[in-house]
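Here you'll find one protein chain in two forms, each presented separately as structure tokens under the names structure 1 and structure 2.
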Structure 1
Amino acid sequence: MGDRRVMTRKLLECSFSDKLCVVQEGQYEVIIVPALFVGAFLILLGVILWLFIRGQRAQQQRSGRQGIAPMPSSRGLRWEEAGQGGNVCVPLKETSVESFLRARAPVLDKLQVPREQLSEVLEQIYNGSCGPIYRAKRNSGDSSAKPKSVVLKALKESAGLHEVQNFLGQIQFYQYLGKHKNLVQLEGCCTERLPLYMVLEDVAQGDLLSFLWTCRRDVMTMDGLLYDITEKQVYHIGKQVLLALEFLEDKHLFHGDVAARNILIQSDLTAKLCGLGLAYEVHTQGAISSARTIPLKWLSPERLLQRPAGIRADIWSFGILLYEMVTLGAPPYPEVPPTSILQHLQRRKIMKRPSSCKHTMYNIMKSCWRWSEDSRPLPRELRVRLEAAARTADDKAVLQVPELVVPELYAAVAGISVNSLSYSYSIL
């Protein structure tokens, strides 16, 4: 206020023709105001720089303490939190696969299965996303014990360093997950040199989709397994899948591809979720890579719209799985072309109740297919509903569908590649 009064007085003392006076008064405005701005800007810059350097230092200290390279986190969970040495990101300085494997050997040391324990004859059962999947015999080294059947997931020969890295990461992911009776179990690995193998327990009866298709045939028994399924058993299998999803949810994960083709079944109808490649991708990269093709008809609206998804997207797919079971493996939305599924759902259309499905089960399906993910139940809530429904479910009448499945036709209607169907149905 004081300065202003001084300046005003100076102006009054000047005549209008006095240019020097006007210039002098203008200099105050031209110098002081920008100087204030520059000063404020420099202070702000200083604060930002200080915050940035402080952040960098904290990060360096953290990774130095844990001996790991930073990696993208997914939904707030990182492997190192589990204290299992879950370092997936490996310095990219490695120049050859061999030296890379040598460097990684200590991390996977405890999981190594001596190759001489594995039979030389490998029977290919599937062509997986990383490479061929084989069935083999494992001799535990104890001469009195019978060799047991295992499944080997191999990494394809043409794999580059990045794929090797990814494969080892998947093994560590299994290790990080730990054991759950409804998830396929990792027994070990062979990764000290090429070819690389994951050694998995053999869930010998194969995938649930093939099982359901076989239930359509007039086959009573095969390998000790009854190829029949009742409503009560549908609930029994569904409950086990939900237990696996609860386990994943507790670890802030989701499966991403819940479908009958990704469930393996034992002769006592124990169900095990497999195909964890996608869960691994989401966990490490925070997103599903574009190289993955996931059948659209199993996906929730948020997945189809490429919005962030979580366990409730698995719940949507679980509803489709119930439909698959109760129809003995029919393709979902038979009247809708796979590429039109999003428009179909946007019109708020869901599948009608199949004739073999009671109202209680259909109501459960409908709760899984609520458009808004927040209004869908969580795995735990849904399991409780399934358990209650199972108490009054029919355990006598066997589900029946007279038509047999033509795999090529099924693949076209379901929108999946015929090659991705399991081998076990083709031998029927």
Structure 2
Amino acid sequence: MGDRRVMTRKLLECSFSDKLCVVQEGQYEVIIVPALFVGAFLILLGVILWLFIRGQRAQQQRSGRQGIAPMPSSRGLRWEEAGQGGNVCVPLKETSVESFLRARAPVLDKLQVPREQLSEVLEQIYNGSCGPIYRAKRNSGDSSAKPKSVVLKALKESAGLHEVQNFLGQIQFYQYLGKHKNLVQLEGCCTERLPLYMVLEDVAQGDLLSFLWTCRRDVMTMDGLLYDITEKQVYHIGKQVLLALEFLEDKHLFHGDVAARNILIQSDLTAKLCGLGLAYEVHTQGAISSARTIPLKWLSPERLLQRPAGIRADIWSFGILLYEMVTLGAPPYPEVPPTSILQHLQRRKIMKRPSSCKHTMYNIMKSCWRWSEDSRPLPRELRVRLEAAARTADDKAVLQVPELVVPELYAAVAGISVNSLSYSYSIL
């Protein structure tokens, strides 16, 4: 120890009687010891932070694999009581689907459709990820009344408890929304036992996108539907979609996927907005699940940037819908790859005016495609503009596009799955 002190003094080049040297000798201890404590603290803090982040990522990955956004604790699930404004808390201590259905029976009692009213022969029209969709006949019980065609959305029999909860939640969501002539209507349900059915109105003519593609052919009429469309009729269909969006806005909701493929059309050109799955997610979870795959070319900039969105995001998509109608179902931004659409929009580029589109309609489209959502019109404001434009619109000249659509090519350019084009009821 003494030798080390002598060596230290030699390094400091001072004598043994120099008191200042003693101070200089001790200053190393004053600096090093606290530095060691600070270093140890920072290392410990870093380890704790790393463990926390790893836990959060693991939780997010589990949620992603399940295909749902983070849900409430499994101790209970809050269901909004449609038409009553209150909440009913149903404990999930039940281990079987059957016991859960018994617990939910009183809430859905008024919506139950007796199974004997449904025809035994079911025509499968689509096989969705949640289960098959059928067309059936419903007898009201009145022998003089003609059986009514309905659509049965079934839940696959292998569904677990959480899938059953979600299915019943969708039924209650339709009940909460109520009736609107431009939304696909819920007619009832069969949920007292398996298999579970959601009973919806049948819009047999199919989706608007298929209708627009058929308008390109030399087909005049089919099943009572006239396969041509004028500029005035484009405004007529657009107005009905805006009425549906107004209805959702009044309930503090937005649709999330406004597109021709998500609109069903009747023989009198009554339009019905469907595909309310995203609206249901926002209503129950407060956000859209990260597992949802939504075609990018219909999304507003704030949606592409994964920022909070509202009804004005639907207005952006409505502008794309007008483009779809006036081009008889052409894919938007045909020259832009789907994965590059955000960069394209960030350069403030929008679609050019189609040759079949008049300046009045194109100006309405451009108002929907303003980058700032606050500068876009609300559904009511836009509907007033459409009504004014419709008064002077051409109701004689039929829109014409000579090229026929190849679904596989359309799907690649539009950035959607070709399977989603296989049948109109895939989006119910």
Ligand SMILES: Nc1ncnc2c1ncn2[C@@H]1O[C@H](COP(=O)(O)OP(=O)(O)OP(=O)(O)O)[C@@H](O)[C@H]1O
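Counting starts at 1 with the first residue of structure 1 and goes up one by one along its sequence. In this text, rigid core is short for the largest set of C-alphas that superpose within 1.5 Å between two forms. Being a predicted model, the structure only gives us computed values, none of them experimental.
Between the two chains shown, which is the form predicted alone?
-> Looking at both copies of the chain, structure 2 is the one that matches the description.
Displaced residue check between the two structures: N127, CA, 2 Å or over, core reference | N127 C-alpha, core-superposed: shift of 2 Å or more.
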